[in-house]
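There is one chain below, alone, in structure tokens, taken in the form predicted alone.
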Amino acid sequence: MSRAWGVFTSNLASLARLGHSFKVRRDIGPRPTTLLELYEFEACPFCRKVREALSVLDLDVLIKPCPKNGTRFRPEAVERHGKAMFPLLIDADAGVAMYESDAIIEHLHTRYGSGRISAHLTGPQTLALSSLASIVRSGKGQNARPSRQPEHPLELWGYDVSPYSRLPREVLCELELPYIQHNIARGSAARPAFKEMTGKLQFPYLLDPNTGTGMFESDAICAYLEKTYAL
């Protein structure tokens, strides 16, 4: 897939979701003291709904990618929680491990929001549009590819509906690379600190603690991931 076509279809995928989750809600609640964990894969429409909920609630999360035929986190999910079903959310503060996207979204809004679920995350039209976004991307972020496993999770700043943030997430997913997703949608409380750290408000931004590498630009990030971790 060419760079131009990839950007074009990623923009179409965002358009399919009508641009939802680009902005943090005003009625967010308390923050978790332990980082949330999410077993998911980028192309899954049910997983997309949960990622969007995390974005609008301004919640960071440790992503453990579980693409089809994955050999790292799919087996781990089965070993720890009994089945290969995604998304799977681990909320240590609440002492829960949850399947089913709608149940996860309700839990997140109840515990870390006001309890009122964003309208674009409910109803059959949500799943239909989320599925359309996956179709537009032609299976990117769906199937596992061989890779080197990093010692430490990588870190990615962006937000789910951002078309440029989607491109490196797909590569991270296919290579089964764990990463902390720092959601930083419009209105995020983390934006000032991010700008102070990097010098500008531009997304996505990747930090790899395994190599000490930090970089902007989705194409540069994707190229780095392929060169450093793909086999």
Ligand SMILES: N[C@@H](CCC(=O)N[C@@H](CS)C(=O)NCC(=O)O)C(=O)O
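Start at 1 with the first residue shown and count on from there. For clarity, every value in this text was computed on a predicted model and none was experimentally measured.
Keep in mind that the form predicted in complex with the ligand is not shown, yet the notes after this line are about it.
For the candidate set 109, 74, 137, 120, a heavy atom within 4.5 Å of the ligand in the model of the complex is found for exactly one residue, namely 74. Between the ligand and the residues 164, 205, 46, 194, the one pair within 4.5 Å by heavy atoms in the model of the complex involves 46. Listed stretches are 54-62, 37-45, 186-194, 173-181; the contact stretch with the ligand in the model of the complex is 37-45, by a heavy atom cutoff of 4.5 Å. The ligand in the model of the complex is approached by residue 101, whose closest heavy atom lies within 4.5 angstroms of it. At least one heavy atom of residue 87 is located within 4.5 Å of the ligand in the model of the complex. Proximity of residue 31 to the ligand in the model of the complex: non-hydrogen atoms within 4.5 Å are absent; the residue sits far from the partner.
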